[in-house]
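Heads up, the chain below is alone and in the form predicted alone; it's given as structure tokens.
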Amino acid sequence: MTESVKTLAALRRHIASLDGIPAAQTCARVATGHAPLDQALDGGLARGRVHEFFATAEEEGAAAGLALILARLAAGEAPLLWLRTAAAGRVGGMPYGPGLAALGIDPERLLIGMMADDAMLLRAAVDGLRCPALGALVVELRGRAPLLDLTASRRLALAAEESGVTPLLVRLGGDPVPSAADTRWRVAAAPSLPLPGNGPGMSVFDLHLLRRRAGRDGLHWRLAWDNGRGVFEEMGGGRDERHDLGQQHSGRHDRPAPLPGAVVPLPADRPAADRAA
């Protein structure tokens, strides 16, 4: 990790120091590499727009991992900024370098800002979005996060539109409320297929498109992240979620028994045995 920013003032100084770094090449969309998903989004996630990813607290690894992967795709060679509160670091642990690298995230290009509370976190997010040298911004919020109301989300949206930096909001244990987000998703880990020799498979995510400001929603995909090729692969999703609900008890099984997937940045402050317990 390049640096852990302790205060809002320090973060502002650090962002200012990035002005000489060329930003990633701008374009209208962030393509995921999965044709049906990109087609449904008119080419991918809109750049310079707010995107929210909701997950239960138990699914924080899946939500954070997906957001970081998408941030990497949005950033190209530019640095990423991950903003969290100090409480989030104590609860969820700190990112694990080899785990990040396994997702294709270069720890040398990941900046982590640790803020005292949600109020400072949201102020830092607006400051970060005003720095076009950043490639993407991940903002982690836990619980209801009442300070992230419609007004606050509009501030984030306006700052993102002006700079072109794409903010990805990870909402752990929270419920959707009125927001200026361009898209809103529900994320969960999904089973993955074993590799030869019964090795652990690729990280797999269940994605439900809850809302899109200008387009169809209610869609579902199950996607595996192919880190070697830098794209998402289909794992049996890509259909209308409302149609899936009528088919989920058909009894058909097209794939062998899976292994658990979507294991991302492991907390470095607890032994693996404790996490598995």
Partner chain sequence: MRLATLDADALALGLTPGMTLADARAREPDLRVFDADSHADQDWLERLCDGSARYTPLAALDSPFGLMLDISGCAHLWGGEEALAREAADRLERHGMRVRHALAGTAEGAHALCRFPVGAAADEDAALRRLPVEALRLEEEESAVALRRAGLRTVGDLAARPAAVLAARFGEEAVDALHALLGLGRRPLAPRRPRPAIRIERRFAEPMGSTAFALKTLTDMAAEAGERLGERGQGGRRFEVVFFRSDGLAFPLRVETSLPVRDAPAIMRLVQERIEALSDPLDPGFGFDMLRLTVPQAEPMAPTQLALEGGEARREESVAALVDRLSIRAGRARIQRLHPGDSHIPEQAQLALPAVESRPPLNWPQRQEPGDPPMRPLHLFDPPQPIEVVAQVPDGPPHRFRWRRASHEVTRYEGPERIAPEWWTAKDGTLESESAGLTRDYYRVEDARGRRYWIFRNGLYGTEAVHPGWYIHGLFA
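Residue numbers count along the first chain shown, from 1. Every value quoted in this text rests on a predicted model; they were computed, and no experiment measured them.
This protein has a second form, the form predicted in complex with the partner chain, left out of what is shown; the following refers to that one.
Proximity to the partner chain in the predicted complex, taken as a non-hydrogen atom within 4.5 angstroms, holds for one residue of Ala180, Leu148, Ala159, Met202, which is Met202. With the partner chain omitted here, the record of contacts in the predicted complex names 225 to 233 of 225 to 233, 28 to 36, 46 to 54, 210 to 218, defined by a heavy atom within 4.5 Å. In the predicted complex, the partner chain lies farther than 4.5 Å from every heavy atom of Trp185. Proximity of Glu108 to the partner chain in the predicted complex: non-hydrogen atoms within 4.5 Å are present. Not displayed here, the partner chain is kept clear of Asp118 by more than 4.5 Å at the level of heavy atoms in the predicted complex. Taking non-hydrogen atoms only, Arg84 approaches the partner chain to within 4.5 angstroms in the predicted complex. Contact residues in stretch 98 to 127 (any heavy atom within 4.5 Å of the partner chain, taken in the predicted complex) are Pro98, Gly99, Leu100, Ala101, Ala102, Leu103, Pro107, Glu108, Leu110, Leu111, Ile112, Gly113, Met114, Met115, Ala116, Met120, Arg123, Ala124, Asp127.
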